[in-house]
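Read the single chain below, which is given as structure tokens and is the form predicted alone.
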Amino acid sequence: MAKITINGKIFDVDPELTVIQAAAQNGIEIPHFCWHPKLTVSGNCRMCLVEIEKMPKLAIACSTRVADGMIVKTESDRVIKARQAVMEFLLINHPLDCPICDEAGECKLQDYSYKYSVGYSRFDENKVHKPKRVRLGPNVMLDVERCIMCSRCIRFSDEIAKQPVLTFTQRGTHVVLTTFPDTQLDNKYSMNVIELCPVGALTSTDFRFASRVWEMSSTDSICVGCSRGCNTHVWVRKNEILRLTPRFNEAVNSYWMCDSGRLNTFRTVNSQERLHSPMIRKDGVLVDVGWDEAIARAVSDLKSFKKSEIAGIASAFATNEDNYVFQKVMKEVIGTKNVDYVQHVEDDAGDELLIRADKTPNSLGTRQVGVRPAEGGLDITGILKGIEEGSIRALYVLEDDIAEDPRFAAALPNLQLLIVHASVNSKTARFADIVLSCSTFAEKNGTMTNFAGRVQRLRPAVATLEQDRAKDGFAMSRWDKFASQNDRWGRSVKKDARPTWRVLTAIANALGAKLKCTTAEEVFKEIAEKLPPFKGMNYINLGSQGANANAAESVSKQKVTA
């Protein structure tokens, strides 16, 4: 270990660290633009200049390695004047775009201008003008006038995304960020440069001009696009998700997130196809009904079949809590042995960075909570065959659009009863006799287990009409209550969706069971008490980073869907 002194305080640090890393580990902020802990050092912004005793000049903290006995000053008069000079140079040609810039409110240049600059400019000449609204690729827009040439985006493209298409051209104050001829920034991780950019030079074509950061709420959650379970922030305004951004978790996704996860996973939540209430089929047509009528109909219809004629298909898109209650209701309350789930694995659809071939967020967790056939029961292949042959006459499907598979689509008309939990008007829901409108990942509490066995939290970011939502971790404000019932123009749009586990509990109790869980947290408590992979876990100790299951099962690679 090396013993160094920073601003009069002595620290023991790893001698392999740089000054900026050592300071950060000990809670001391050294301002910087170009340095990033996951990228190589470029040392071109000069914002991290510090004073080191026995060095004749100020040194950049990002590339200066610590040494035993080193004495560092980050707030001396020389350092303060140097920072002010760096800020003055950066702002000379920077446009005054803060009122219209998407980065306003989360811009390092804006923050540092308040904190480290002198607050006025001595420059009274014409600013250098550069290209604006330049499409670098399908998802990223560039405003070159705002660029401070930190090169973070270039290094990310080269080193992390492995698509070296960005470069600087020209010289001096006329330097321009651009792509190489006949190329564009279109890799699967291109939108990470938006967060990497410390200013508003790189913005999202999807989110551009949609909202100010201070007008949105941010909720910690996870991406449900594949079995990686990347940690995310869900950004909501007027009860509508406007964007997803990556949240740091070194054990899962580091600082990154794929473009597909950002752009596609939340569309269901905002979809015009959302189901706003339960439905039952009357005279061949699905009609909206209340929850009491839907649950009563489900209970009545299920009672008319033999146990062996009923099958349940759980979902790797649903939470551990949903799947646990489902398999418990199917096996212990209804009494069927025919319980399984469909895996969605796309061969050659993964990569070495984040994206997984398994396109479900909770395949491992679904198996760990007990979703498998009871002894002598049918697995997913057997269930499909039973439907085709007529031995399975009633099917209960949980949050999975199994009709996307042509084999299921052809077989479902053979059923006499199909109950479906769905959040949108899916292909499977159109075949159903009873549709139970369920909350999406952004509307409920729960957990999911990623491919590596890490159990992670979902938290409600969007409000629904569920009356006891506050019990489930989401205290609705007046605006939440209004927005959950009205669209952006104030027109009534009731979204009466409920967590799947809660609906299943109501059905089970109507069938004579005595399930007592009233919150998702209570369901998870029971899971942790009964199932070894979750032993010792609770919502509190999972925190924002999750925790690895004590025993990680390997999930078989059976596939019955595209």
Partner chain sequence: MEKYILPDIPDLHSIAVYEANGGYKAFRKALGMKPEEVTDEVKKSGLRGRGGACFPTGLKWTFMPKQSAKPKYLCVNGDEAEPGTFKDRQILEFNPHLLIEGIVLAAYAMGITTSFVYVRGEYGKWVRMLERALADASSHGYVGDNILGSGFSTNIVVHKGAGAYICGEESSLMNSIEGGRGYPRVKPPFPAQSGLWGCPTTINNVESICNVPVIINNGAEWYAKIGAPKHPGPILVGVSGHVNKPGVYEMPTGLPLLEIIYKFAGGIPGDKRIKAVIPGGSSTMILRGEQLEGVCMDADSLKAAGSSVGTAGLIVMDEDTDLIQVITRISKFYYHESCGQCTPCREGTGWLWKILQRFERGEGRTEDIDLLMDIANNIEGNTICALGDAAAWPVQSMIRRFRDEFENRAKSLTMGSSTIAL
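All values derive from a computational prediction rather than experimental measurement. Positions refer to the first chain, counted from 1.
One more form of this protein should be noted, the form predicted in complex with its partner chain, which is absent from this view; the next part is about it.
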query: With the partner removed from view, which of 143-151, 228-236, 420-428, 435-443 is the stretch that lies within 4.5 Å of its partner chain in the predicted bound form, judged by heavy atom distances?
result: 143-151
- prompt: Hey, in the predicted bound form, is K57 touching its partner chain, heavy atoms inside 4.5 Å?
  reply: yes
message: Taking any heavy atom pair closer than or equal to 4.5 Å as contact, tell me whether C45 reaches its partner chain in the predicted bound form.
response: yes
query: Looking at the partner-bound form in the predicted bound form, is E375 within 4.5 Å of its partner chain by any heavy atom?
result: no
- prompt: Going by a heavy atom distance of 4.5 Å, is D283 a contact of its partner chain in the predicted bound form?
  reply: no
task: State the residue from V165, L136, V86, I334 whose non-hydrogen atoms include one within 4.5 Å of its partner chain in the predicted bound form.
output: V86
Residue among A251, A349, A296, V175 with a heavy atom within 4.5 Å of its partner chain in the predicted bound form: V175
- prompt: Since the partner is left out here, which residues of 74-98 would have a heavy atom within 4.5 Å of its partner chain in the predicted bound form?
  reply: K81, A82, A85, V86, E88, F89, L90, I92, N93
